[in-house]
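Heads up, the chain below is alone and in the form predicted on its own; it's given as structure tokens.
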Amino acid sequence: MMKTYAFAVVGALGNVGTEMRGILEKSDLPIEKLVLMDVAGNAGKKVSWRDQEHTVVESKPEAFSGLDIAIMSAGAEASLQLSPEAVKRGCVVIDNSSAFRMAPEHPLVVPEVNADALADHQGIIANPNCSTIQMLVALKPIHDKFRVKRVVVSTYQAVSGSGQGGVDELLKQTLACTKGEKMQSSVYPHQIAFNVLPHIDTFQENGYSGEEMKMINETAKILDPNIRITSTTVRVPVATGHSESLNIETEKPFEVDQIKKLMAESPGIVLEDEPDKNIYPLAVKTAGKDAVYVGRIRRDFSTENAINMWCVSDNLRKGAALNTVQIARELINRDLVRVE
């Protein structure tokens, strides 16, 4: 008989939590029981899942008793408080916040890249930043075959990365603009409609934003600390789907067709690269999809062994919810759903 598991989704009514519920609902994971948790104000709300009505409960330590896996998307502060309590009760936590990403004792995992790191999770696995995940899915096969030396990444990130408030602000500002009314900004420091903001997260003393440093530091932890990487992260007026321009320099020489073939054959990647037919990855077409889409692959003639590519993925799915569910699947497949 197949072993079954008791799951929880924490932050179940948020944007990412909602995606998690939807992905779990359609998955074939052996889920015997699902507990939906959220803030006290949402406790008691009813949610339909697999044709059954589930009542949301408050996220508190005792709610984790008897659970096997908790997928958390409740923010770093809540995760720092709740995750150790869940582990004490024998529950393995997959955390979508920044709380444990750089903690050396907990793995930071993209299943297509470093699933083997799950072997020593000590009860908590961190889900990387959305922009890091899609970049590393594309970089991993190139690194394995040609050894990546340096990456210059510029991102074009959707407002849903800021939560539902970012989406609402973009829609309200767009509507106000069409009516000739003044646009109000509260989520972002400047107007986001018909604009781009080179500002995601807070700025650090070194001049980089928090988002930029996440991409740099997480790449070192997940893929290879020897890769030199620099990042510019930008918010754009797109609802869903992060886009990235990647300039990748390798140690070994390659042919462009070899890179395209690698991308076409690698797990989690869809190659869309026929620019003469206007075929290349688009945020509007990747929304709601699971894969990382790559295209516009071309040689960088300005230096040796370098290539440019365009990389797009749904930031709420592969960039967050889907990656956590894939981690859960790996834990189950590898028989690692235990706290030691």
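The numbering used is simple: start at 1 and walk along the sequence shown. Not measured: the values here are computed from a predicted model.
Keep in mind that the form predicted together with a small molecule is not shown, yet the notes after this line are about it.
Using a 4.5 angstroms threshold between heavy atoms, residue 42 counts as touching the small molecule in the model of the complex. Although the partner is absent from this view, residue 75 contacts the small molecule in the model of the complex, with a non-hydrogen atom inside 4.5 angstroms.
Interface residue remark: residue 326 is not counted as part of the site for the small molecule in the model of the complex, having no heavy atom within 4.5 Å. With a 4.5 Å cutoff on heavy atoms, residue 38 counts as touching the small molecule in the model of the complex. Looking at 110-118, 263-271, 247-255, 94-102, the stretch with residues near the small molecule in the model of the complex, meaning non-hydrogen atoms within 4.5 angstroms, turns out to be 94-102.
Contact with the small molecule in the model of the complex, defined as a heavy atom within 4.5 Å, holds for exactly one of 163, 90, 198, 84, namely 163.
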